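Next up: the same protein chain in two forms, each one alone, written as structure tokens (structure 1, then structure 2).
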Structure 1
Amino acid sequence: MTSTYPARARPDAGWQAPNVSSRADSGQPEHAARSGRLAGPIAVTAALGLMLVAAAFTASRMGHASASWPDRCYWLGQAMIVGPAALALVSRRLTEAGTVAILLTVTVAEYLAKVCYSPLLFSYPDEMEHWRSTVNLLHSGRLFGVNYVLPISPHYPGLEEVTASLASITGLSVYDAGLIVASAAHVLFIGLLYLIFRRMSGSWWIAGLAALIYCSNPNLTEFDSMFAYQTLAVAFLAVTVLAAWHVTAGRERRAGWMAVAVIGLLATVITHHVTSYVLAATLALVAVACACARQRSAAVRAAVLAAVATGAVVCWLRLAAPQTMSYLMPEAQSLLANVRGLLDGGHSAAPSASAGPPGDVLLSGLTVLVLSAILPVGFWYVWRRFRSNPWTVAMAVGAACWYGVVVVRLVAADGSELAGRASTFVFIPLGYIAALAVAQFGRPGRSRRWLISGLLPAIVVLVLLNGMANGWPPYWERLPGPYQVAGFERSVEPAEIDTAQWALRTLGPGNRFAADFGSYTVLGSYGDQNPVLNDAFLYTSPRFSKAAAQQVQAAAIRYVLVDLRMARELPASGQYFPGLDPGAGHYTHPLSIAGLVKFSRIRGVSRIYDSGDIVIYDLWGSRYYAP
């Protein structure tokens, strides 16, 4: 069977990455032994670094969060995990087995660091949302149930199906089964990325370097390894892309790889909305690149896959998840409004979250400058050497989206969050093109030894640490610690969980609750309640008016949870209430205590729970409440 690539451009035609010495590629025994000697100490160093990270988390959780040494311990541990690995990969002293071993060491160590943040239960909001969907599936035995905490989740049940099946077969808890599924998907994703880069470049060195650069994606170590539907979906995306490469560029078993690609893309479609859209766009881009390279048979096969993916997305939207557009539309409208405002000479809305400590801001700025400067070198190399290779050209086009991500981050309201979500996908081509650029910088030569031995590892480590500094959790929750009002992970404490579980035991599941931002997800997951959005009107006024009563009736709110700490502290996240909070990003002082305790003065309202800081009111007996 004839390959669709010309000999010069075809990735599997024996092309060796520049800067890979002949001894490294020859697989000589002494080089393999040296590679093994490197991998062992790096794994031990990463394990010690993981212990330091876990110690920092434990110390912060035990009341030392205000001290500086846990933070320093955390960063020393992270440097021990990524620093030696980056130095080894850039130095070209590894065989392929050593490269894969070190890449997996970093991946597993960072995942375990994420688990150490909350080792006994789900505390990340996204994980609790999907935990609720999984529990609903286990209890009802039916797909497409109702999840008020994340309404779109039941319509993309891939993650919940896999987790519920594992829990049912093994008897494991949802938490344990979820950790297994998320960890397997996360490691599989990085491993598949390496294989994709390996196929395209023909070099294990560039593949390992590209995968390591991808690990600097700010969302990878936490957000993209959570028990959340995107974590599993990106693994399916990688399976599909690898299979699509074999279908279009490989020479053997194309029918089998086509079947794998179709199964992978269907699994992606039913698991996560945005990932399926990116996959369909990627396959379409590859088809166009193949057509432009006059590789007709490859273009036809890629176009068939793109058509199947698009058709599957449309069918799923129409038949199973018609709510998706209304779920995604507000973010899209906000982004378009900001872009339109800039084009008209106006100003975009200010981000709602703080930019972070100066050190994080500096690290972020340096990383943006480095990546923005290094990509043109990769583009030039693609043009000079691989412009007839459609997959590499498609990667270059995808990497160019990085500059759009930078613009979004600078101009859009909540631009950091939008850019972070996009980086999950943009960093795939960016990592590959950046690795090609690093290969050019690192070509052998006496004048460049200082660059190879010093500057390049420093650049890679800087980019990796930026992903940890400016990813998730936000800087004010980087270490676990005391309760924070209206936060994320640090709003999930024993008192909040006890309150939610009391509500489940005493009131039963599925009650309509009003709650603050921090308690919203806890009630919806551990409490199995149905909290409502846009409930700020209940807390910000000192009186319970008839207009408020009408809104309560319209939303069918039966219970109101009041956290009195909202009168003592500003919201860590910038907003006190879930959904639309009119004061989000503009609070300069805590809420008035009068607006929080007014329910005690309303005739017929019962205070059914009081822990001191947390109070639950039952509105049933109020003359303003009509069930």
Structure 2
Amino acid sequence: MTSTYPARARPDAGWQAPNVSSRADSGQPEHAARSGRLAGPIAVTAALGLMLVAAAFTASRMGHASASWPDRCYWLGQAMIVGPAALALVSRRLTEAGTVAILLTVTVAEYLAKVCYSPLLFSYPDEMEHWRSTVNLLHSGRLFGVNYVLPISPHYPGLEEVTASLASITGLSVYDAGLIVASAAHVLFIGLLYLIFRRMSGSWWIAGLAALIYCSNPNLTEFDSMFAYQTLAVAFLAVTVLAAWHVTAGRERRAGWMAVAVIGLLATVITHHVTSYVLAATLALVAVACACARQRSAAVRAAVLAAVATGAVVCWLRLAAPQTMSYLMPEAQSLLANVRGLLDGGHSAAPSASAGPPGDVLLSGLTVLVLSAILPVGFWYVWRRFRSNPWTVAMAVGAACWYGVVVVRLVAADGSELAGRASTFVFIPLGYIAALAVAQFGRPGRSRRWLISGLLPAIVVLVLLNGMANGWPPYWERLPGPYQVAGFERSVEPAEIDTAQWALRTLGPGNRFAADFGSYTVLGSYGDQNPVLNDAFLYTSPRFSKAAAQQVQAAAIRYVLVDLRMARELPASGQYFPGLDPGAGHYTHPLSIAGLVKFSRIRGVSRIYDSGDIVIYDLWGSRYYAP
């Protein structure tokens, strides 16, 4: 593979190409064999690591959840997946084929680790929500249907369309088709990222390194690979950016690449809101960078793409998804309020950033420090050598957003969540600029050989492990296992799913339900019910009150699902109830049983379902609705 970008503007043009790579470029067969010799054993090691991860999950499910050895087994497995690959990719001893093979090995192994976490059905909240949208599309044959638990999802139906079409024409279940679509999109995304970095840098070593650093994005191994609309949208974003590179900097087939870019950006706009905004902004940034570099024709072509993307976003917002702004606005307003509060000299209303185990917090802090420190080296290098290269300059500008993400994480309410979401995008330029900096450190020279052989792999492995430790699932659900009250994946068990399916079968879809945090998504997805947020008031008071009745009527709550385990265990997530839970993070003992069973004593309330731990009450005709 060769880059068609002008050699003087290539980021690797300033140093001598790595010896092995340059000889491999010339096609010497012994180096091809060497790459194979590394890639094959690394693939086997990664597979054995995956086996350890799967064994840890199985042990945790089979009654060893409280033992420490499954956790150690899990981390050993993860180290076997990423460690040798990181060593090889940093070492510069690979050919391009070896680089790609190792990168895809890590990507596939990490994806399979995610599948192993939940190998029978979707249990991640976001996956269950999109499962519901897909099933609705399959049944109705219509787009833009109703999804009570994630109302915005049917208005960005790309993922559901691909999955429904695949399930329809192959006869596969939605789960199997969804896994195929998500895995294809995930592998595609990493492969395309590699190609983007490869085209920009002209070096497969830098490209492999940049893609590997991107893999330290805390969301990548779970959130960005799950059956959710962003997983597919980022693949479309990547193909659009690659096509945009060809349109602006390439020399061949510009019309064809322009068509690919337009198809990619339209698919992005249909598939995910935030990703489409990031794509439009990226194309605009590239246009500005090309204009600043006095590359007029490239600037015009990038500006055309940016205009098409912006136009498509606006049209989609107006015609198909006008509710997007009301969906995204509360998060944006909360963020702005926190930043404003901080700028005014006060304190933000944000709770402190992630409070996991000390080891995870330390790892997170170290990673932030390392990345924050390494980026200026990349900026300096870009300034010195590549300030006339618009794509590299655009990447540098994008990478600077990393510091904004760090600030958001520290000051914003729910900052860890927002920072995690942003990292999906920010890590793209960050990975590239950090790879340039690492490459600068690792330039050939005896005095620095220890950097390549020792320190750099250690740093890369550190940031990769941080991505796993501080990504998803949270540390208290890192391994699957027995039920946890008010958790995420570990609150999805047969009892919850059967209850949700019973509700759909017996009560019909779309009923207004009050439920706890753990049952909220299951009811909304597998049960196709319409669960309400901010319902703590119903459970925490020991007796009926007129104020509660007013709130019930205002929220049109018809049914109340009570999980009696809330009176026995503390919430794993820190909050018992979805939305605003006044006690979130402050619960020191389980809920009072009196508040949970009071419904049986309230006149007119029907107790319509009982499965032991889970009881459903019907409030219609009761004092809650009495005049």
Partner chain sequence: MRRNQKLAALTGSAAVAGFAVVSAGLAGPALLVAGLLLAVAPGYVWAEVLLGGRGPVLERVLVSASLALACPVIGGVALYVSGVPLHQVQWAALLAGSTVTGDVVLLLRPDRARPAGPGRPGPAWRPAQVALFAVAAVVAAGAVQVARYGAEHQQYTGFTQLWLAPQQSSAELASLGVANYQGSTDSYRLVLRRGSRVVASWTISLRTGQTWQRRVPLRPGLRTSADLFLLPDLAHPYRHVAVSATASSTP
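Residue indices: 1-based, along structure 1. Only the largest set of C-alpha atoms that superpose within 1.5 Å between the two forms is called the rigid core. Computed from a prediction, not measured in an experiment: that's the story for all the values here.
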Inset, instruction - Report the structure number, 1 or 2, for the form predicted on its own. - result: 1
Legend entry - Rigid-body hinge position between the two structures, taken from Arg198, Val522, Thr499, Pro480: Pro480
Inset, instruction - Comparing the forms between the two structures, say how many degrees the smaller rigid part turns relative to the larger part. - result: 10
Inset, instruction - Superpose on the rigid core and then read off how far the CA of Ala547 has moved between the two structures, in Å. - result: 4.0
Inset, instruction - Let me know the CA shift of Tyr587 between the two structures in Å, rounded to one decimal, core fitted. - result: 2.8
